[in-house]
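What follows is one chain in structure tokens, specifically the form predicted alone.
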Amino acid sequence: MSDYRPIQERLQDFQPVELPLVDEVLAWELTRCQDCGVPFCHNVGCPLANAIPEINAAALGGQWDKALALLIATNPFPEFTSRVCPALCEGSCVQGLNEESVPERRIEFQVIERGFAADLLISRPPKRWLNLTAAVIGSGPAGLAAAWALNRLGVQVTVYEKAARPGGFMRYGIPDFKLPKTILDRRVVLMKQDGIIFECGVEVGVDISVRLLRRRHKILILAIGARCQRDLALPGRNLAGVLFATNYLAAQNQLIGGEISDLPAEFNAQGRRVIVLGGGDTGSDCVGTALRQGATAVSQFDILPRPPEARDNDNPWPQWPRILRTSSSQEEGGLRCWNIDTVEFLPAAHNPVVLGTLVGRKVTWDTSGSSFRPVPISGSEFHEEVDLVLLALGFTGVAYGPLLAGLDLQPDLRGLLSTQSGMEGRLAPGLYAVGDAVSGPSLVVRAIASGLVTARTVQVDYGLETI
């Protein structure tokens, strides 16, 4: 049975593509998990240290409420991770040594969604409120996790978000066919019922001064991400039709979410030839989005070499397998190309300010010694006609602006915020940072873990008791 809806069906909409496990398969996978002798999934694989074997044992016994209690003891937002996590735990699954790993991410989906269906996920505000306030700046997964954990301690938390709605990159960067925004809204409602305040459309340092915020709140937590987008300083970069991928994805999400009534023409791939530069998740999301918009052709160019089909000798279990993966979007159509470097963009013949051609070349990789660098292949240059190029090249660090200036903070040489040695998340007394702003661009699950760990640092710093 397929894990996804039929391709021709799902290309007609932005509804979730993945199908839930049927009961017979679910029971079989839960049983396979119990055959494990010494599990590595929970401590080597999962950044949240979910008690995976115990969760699955409870589910196998029909104790779904117990499975839920075990899951949310370590992961406050399984509805997010069960949809967008690459499932690091599955890379460490003992069953994966000889056969397919147990699909823990999809089991987690069953646990949390059955919990919501049974009304087990309800508001649980603190038993008492402390005379202590915290401002969380940014509402991505790290900020939400920190806000959730501090609220549980009785801290009065306000989340400030410059966008119109909370969720950060989960709302504006991940397509609805992977993470429906109703799932985010459902969680935010619960957090509001728990007493957390959300101030959206507020950019700290612009709409409210940093000085005023520091007077209002004893604790400040920066959950601002690392969203400076990597660019290409190439001839023709400024031509109309060369866009950052995250801006493109955000526009489509805003349309679906009702924030805009029409998709701006520059973000619409209908009838256009599209090339996505970058082979990661964001690039893959662009492929799926462009196909749904009605692109006539979609290609994804990656400068990196094609990954191996199976683990190399230097990548043994239980390390995360560095192998070729094909996303649901990549299965839907388009062409994937590796070892491609972009040289320049040329204008269309009919319009000198509009993109018409991408000039690229093939590269090989120098792996001598400790180097790993692309080397152009002589005579490999090619011209590809294109109407829309989407730059999905990753991120270079935090954005410096009025907020960091007001706090007298400068990004380090990595473009990130450096926390105090040995103190998770602490920048200075009363000032903390979480998630990608500290680690660099990473995964939703790691961002959640960072938010929880930093909340524990705050708990220690202020001597807060668990209530």
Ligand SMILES: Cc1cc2nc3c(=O)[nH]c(=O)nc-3n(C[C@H](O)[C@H](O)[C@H](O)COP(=O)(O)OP(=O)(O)OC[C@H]3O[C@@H](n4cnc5c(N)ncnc54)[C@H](O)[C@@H]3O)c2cc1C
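Throughout, we count residues from 1 along the sequence that is shown. Nothing here was measured: the structure is a model prediction, and the numbers come from that model.
If you look for the form predicted in complex with this ligand, you will not find it shown, but the lines that follow are about it.
### Segment that reaches this ligand in the model of the complex - one of 309-317, 271-279, 170-178, 187-195, heavy atoms within 4.5 Å
Selected range: 170-178.
Could you tell me which one of 71, 287, 220, 249 places a heavy atom within 4.5 Å of this ligand in the model of the complex? Selected residue: 249.
State the residue from 340, 89, 224, 155 whose non-hydrogen atoms include one within 4.5 Å of this ligand in the model of the complex.
The option sitting close enough to the partner is 224.
Mark residue 150 yes when one of its heavy atoms lies within 4.5 Å of a heavy atom of this ligand in the model of the complex, and no otherwise. Flag for residue 150 set to no.
Practice task
May I ask you to check whether residue 75 falls inside a 4.5 Å heavy atom distance of this ligand in the model of the complex?
Solution key: Residue 75: no contact with this ligand in the model of the complex.
Residue contact check: residue 204 to this ligand in the model of the complex, 4.5 Å heavy atom = Although this ligand is absent here, residue 204 would touch it in the model of the complex, with heavy atoms inside 4.5 Å.
* Does residue 300 reach this ligand in the model of the complex if we count a contact as any heavy atom within 4.5 Å? -> No, residue 300 is distant from the partner.
Practice problem: Would you mind checking 135-150 for residues with a heavy atom within 4.5 Å of this ligand in the model of the complex? | Solution: The stretch touches the partner through 137, 138, 139, 140, 141, 142, 143.
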